[in-house]
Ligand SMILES: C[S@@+](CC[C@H](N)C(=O)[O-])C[C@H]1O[C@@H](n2cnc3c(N)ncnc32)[C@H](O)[C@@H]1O
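Just one chain is shown here, as structure tokens, and it is the form predicted on its own.
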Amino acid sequence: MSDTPPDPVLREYAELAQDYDRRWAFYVSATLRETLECVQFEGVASVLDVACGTGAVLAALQRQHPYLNLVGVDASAEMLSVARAKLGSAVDLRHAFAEQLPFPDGVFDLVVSANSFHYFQQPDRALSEMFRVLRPGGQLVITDWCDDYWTCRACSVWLRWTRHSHHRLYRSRECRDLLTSAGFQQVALRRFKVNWLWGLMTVIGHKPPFGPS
């Protein structure tokens, strides 16, 4: 038997999985709407959802754009089980971490990740992997909590004391810098409020259409 303690994120979502959609319905719906509004679907045929959870983003894409080839990864087997029941066999779901995506280079037109970036222990590595699996000219869209808002900063401090699964939040400038350092170009960002507590941001970046000459 291993002496390694269980990952706090995996432990938390193993407990939340069956009730997640009901408990967080308003929050997920609001962030989903904002995320998909930022996506440019022209020329998109294949989509990867990183940390797909129970499959909310994939389910919306399945309804709105049935022609898309949809793939999702998540580190929680329990959350993936809920997603599989929701999405059926038409969506390819894999058990994997954002920092080690099980795909070849340049196979997706679009990579999305919603409500997960503040959990990533190695954000630079996760962004590097998202960059790698995008085709030249592909786009990345990430929605997450924004540390520009004082309510989020206060919530982050509380979570660091009470939940070991919480890693950190980022200010909009920090998030832009992370994408730029990972190689993304045309990085754009918009902030929005879900309610008095949750202030979020959606950041969009593009992989250069051509590699270095």
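Counting begins at 1, following the sequence as shown. Model, not experiment: these values are computed from the prediction.
What follows is about the form predicted together with the named molecule, which we do not show.
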(message) Taking the named molecule as it sits in the model of the complex, is residue 97 near enough to touch it, meaning that at least one heavy atom pair lies within 4.5 angstroms?
(response) yes
(request) Evaluate residue 115 for contact with the named molecule in the model of the complex, applying a 4.5 angstroms cut-off between non-hydrogen atoms, and reply yes or no. (result) yes
(request) Evaluate residue 74 for contact with the named molecule in the model of the complex, applying a 4.5 angstroms cut-off between non-hydrogen atoms, and reply yes or no. (result) yes
(request) Indicate whether the named molecule has at least one heavy atom within 4.5 Å of a heavy atom of residue 51 in the model of the complex. (result) yes
(message) At 4.5 Å between heavy atoms, only one of the stretches 168-176, 184-192, 52-60, 39-47 reaches the named molecule in the model of the complex; which one is it?
(response) 52-60
(message) Taking the named molecule in the model of the complex, would 9, 13 and 119 all count as contacting it (heavy atom within 4.5 Å)?
(response) yes
(message) Exactly one residue in 79, 93, 141, 87 has a non-hydrogen atom within 4.5 Å of the named molecule in the model of the complex; which is it?
(response) 79
